[in-house]
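Let us start with two forms of the same protein chain, each given on its own as structure tokens and named structure 1 and structure 2.
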Structure 1
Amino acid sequence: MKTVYNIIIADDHKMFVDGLRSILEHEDDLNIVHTTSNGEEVLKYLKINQNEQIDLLITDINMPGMDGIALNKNIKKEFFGIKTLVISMLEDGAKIKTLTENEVNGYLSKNAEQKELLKAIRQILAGENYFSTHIQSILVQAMTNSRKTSEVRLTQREKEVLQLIAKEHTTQEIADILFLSKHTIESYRKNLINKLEVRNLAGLTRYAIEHKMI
């Protein structure tokens, strides 16, 4: 007897849900048991129907109320037997990284072809994870950027120089404020550009703003 897998879909775009339903309904081993437009409804359904076997949740990221990131985290915490596949137009490395940290089983772009969609679903149901090649490259870049950010350590003097640069002080003004030579400040500036892997003073200013240093 063939195993039939029960699936829940969470997405607030009705046309996408309808398209997904039309694809999966042609697969005799895939059964859509519930569709909804937000994460809260998924959790509510699962709590009410605890005796029902749910094998896979397919969810978007952006939804009203609880989004797909929070939903995945809750699923993995409360219903650890359910596999999760995110299908989204978003290609945000930080969000994909967060999802993987919370044990999401797969991630696809909504532009994926039907063949890849079914491949991802079956691979996940078989106990493996699935991330498209494009998503994998985005994830690797996000992880690389995260490591770089965490590895950067600025001395107190470097922070002071960076803050003054971001406040648009000239090299001479910074030297006067910190009682250092202009040559020393120029060395700090060059070292900061190399250390933070930016290209110019604008990059230093952007870094200071992003890290709430001013």
Structure 2
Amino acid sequence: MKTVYNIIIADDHKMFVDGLRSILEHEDDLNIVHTTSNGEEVLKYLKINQNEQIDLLITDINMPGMDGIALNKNIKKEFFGIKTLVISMLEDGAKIKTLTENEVNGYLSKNAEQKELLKAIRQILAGENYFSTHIQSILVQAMTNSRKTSEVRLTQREKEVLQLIAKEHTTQEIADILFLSKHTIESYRKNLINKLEVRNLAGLTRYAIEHKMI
């Protein structure tokens, strides 16, 4: 008697779920027991069906309501023995990094081939992690990037000023808002431009937005 692994899929893109299903249904050892379109439903299902051993969760990152990141965190906290494979279209280094830090067992891009998908699933079920070479390189980049750029730790005041700059306030206005001299604000702007290695307001604004400061 062969071992059959139980799989849950969470993705709000139904056609994608169909794609997964059509691939997995040809595999005798892989059994899709449930599919949902958001994170909450997965947790609900797991709680109700505690007697059923689930081996693998395949989830998207972006979903309405609880997303893949939060879902994975909750599952690793509350349940045991459930591996997680994240499949997403986005290839955002920072997000993937937080996933690996949260013990996700694998990550695939949605443009992966069937072959790679099955390889990832089998590898994860065997107890290993799976991150494609492509994803690995993105991860490495994100790591080195964070060493480079976030070496620049901004002080609270600098963040305040940066936010106001990004909100289109002039130096004088920021000075008025923070009850400081405009010279002070000019110093901050100058330091920010140096620290963040940008050239002008546009660069500061981009940094602020990219780091979700506004």
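Quick caveat, the model's predicted, so the values are computed rather than measured. Reference numbering: structure 1, starting with residue 1. So that the term is clear: the rigid core is the largest set of C-alpha atoms that superpose within 1.5 Å between two forms.
- Of the two forms shown, structure 1 is the one predicted on its own, while structure 2 is not.
- Core-superposed comparison between the two structures: CA of residue 36 displaced by less than 2 Å.
- After superposition on the rigid core, the Cα atom of residue 52 is displaced by less than 2 Å between the two structures.
- Once the cores line up, the CA of residue 21 ends up less than 2 angstroms apart between the two structures.
- With both forms fitted on their core, the C-alpha atom of residue 169 sits 13.3 Å from where it sits in the other form; this compares the forms between the two structures.
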